[in-house]
Every structure is written in C-alpha cells, then in structure tokens.
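So this first bit is one chain, no partners, the form predicted on its own, shown in structure tokens.
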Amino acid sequence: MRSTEPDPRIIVALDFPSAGPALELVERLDPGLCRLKVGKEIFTRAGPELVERLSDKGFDVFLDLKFHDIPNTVAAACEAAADLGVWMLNVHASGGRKMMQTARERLDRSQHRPLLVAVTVLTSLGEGDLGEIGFAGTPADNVRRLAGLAEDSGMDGVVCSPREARMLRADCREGFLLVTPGVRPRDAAKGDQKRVMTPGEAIQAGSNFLVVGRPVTAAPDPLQALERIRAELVLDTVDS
C-alpha cells in the first residue's frame, strides 16, 4: 500500500554504473516513501531518458550534477534540467554569486521550476583536504561562508554535512532547505564519507532531506531497509 506521506524526507542515491540495476532497484521501492538522486556516472551513461523514466514511475528526481561553470552555461544547463521535470538540482556555491543568481533567474522563468540548491563542502573532504585546494579554515568555517553566499544569491537551500546542519539552521532564514548526504543508519559502515550522522540525529540537527545510498541500494530487501531507516528516524526523534 502506497504511503500518504506528503513530503518524503529520504532521497535514495542511485549510484549505479548503468540504468539496468538502478531500474531494478526502483521497481522495489515506493515513490510515496522516498525520492531518488541521479548523479554524474549514471546520468552520463543513461542520460535524460533515465530521468524521464523515473519521473514516469512517480518518483521525484534530484538531479545531482553539481553544475560549476560560467554563469550563462550553468543557467542553460539548469534550464535544460527543468525541462526534464526534475524536482531538485544543484550547483556548486564556489561558482560564485553571479553564477548562482543567473541560474536562479533562468529557473524563475520555467513553467515548472525545480528547487535549486548549492553544494557547500563535499562530505568526503576534511580540513587537510580543504587546505590542499586553498580553502583556509575548517569544513564548518567554509560551509558557513558558502551557505551564506548561497542564501544571499537566492538559492532554495544548500547541500551540507549533517554535522553542519544545526549551525546553518541557526544562521539561515526559515524555509532555507538543508539537504544532507553523509547519513548512515546506526548499524551501517561510514564508507568514504567522514562527517556522518544517523537519520534521526540529522533531522534533529535541522536537516530537511536525507540522502541515503548503500544502506538501501545494497540491502537484500531495499524496501525493508528504507522502512527501517524511516522507523529509526521517527524513533530517534521521539526519544530526543
């Protein structure tokens, strides 16, 4: 039976090398319980047709291509994504104010405007990694600076680690969305992400949407794994 939850908070990351296994997984999920994230690898291989097929199955799609280029190029790419009917897409906040503003202005003219969020600091990066690429300060310092720039530039929200969610929830306006990868159930391995939380902890910290990958996609029963994460989210919230 399909859930009547009006706004599923869990976004399942379709981090597969091709469309076949992704579509097999999707057949075992419920669009009333989750949304889907399509990233660079699978989009490069399967293209816009995959996004359209997922949408036809009733899923909201977060197109996670992290656009970062000159303003007009990014704006045109965002417009193309809007034409696909995606629910959300993203750009890199480090692309700067003009890039983000131009993208937002172009999307505002779309008939069905998707949410536009900006990536702050990738969850795989620690302080040493940031120093190597010329970013002074801690991950939290850089997340706060880039999130403020994204908010000023008209973004609907940012992608950030759940460990920075509480700080940003205090800093940013009401309604500013926080989309958080780096979410792992209590019994799951961290994988290649360093700044992680459980689903319940992330929601308590202020996250709006949680991106979850392998704990669902690699599970023997993906729908059961998704339900378990949702139950953990509710339990952690009640226990807080």
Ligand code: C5P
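Residues carry their position along the shown sequence, with the first being 1. In this text the structure is predicted, and so the values were computed from the model without any measurement.
The following text describes the form predicted together with cytidine-5'-monophosphate (C5P), which does not appear among the structures shown.
Although the partner is absent from this view, P181 contacts cytidine-5'-monophosphate (C5P) in the predicted bound form, with a non-hydrogen atom inside 4.5 angstroms. Under a 4.5 angstroms non-hydrogen atom cutoff, cytidine-5'-monophosphate (C5P) in the predicted bound form lacks E227 among its neighbouring residues. Using a 4.5 Å cutoff between non-hydrogen atoms, A13 counts as a contact of cytidine-5'-monophosphate (C5P) in the predicted bound form.
Taking the partner from the other structure, cytidine-5'-monophosphate (C5P) in the predicted bound form has a heavy atom within 4.5 Å of a heavy atom of T123.
Between cytidine-5'-monophosphate (C5P) and the residues V61, C34, V212, A202, the one pair within 4.5 Å by heavy atoms in the predicted bound form involves V212. Of the candidate stretches 22 to 30, 42 to 50, 170 to 178, 204 to 212, only 204 to 212 contains residues with a heavy atom within 4.5 Å of cytidine-5'-monophosphate (C5P) in the predicted bound form.
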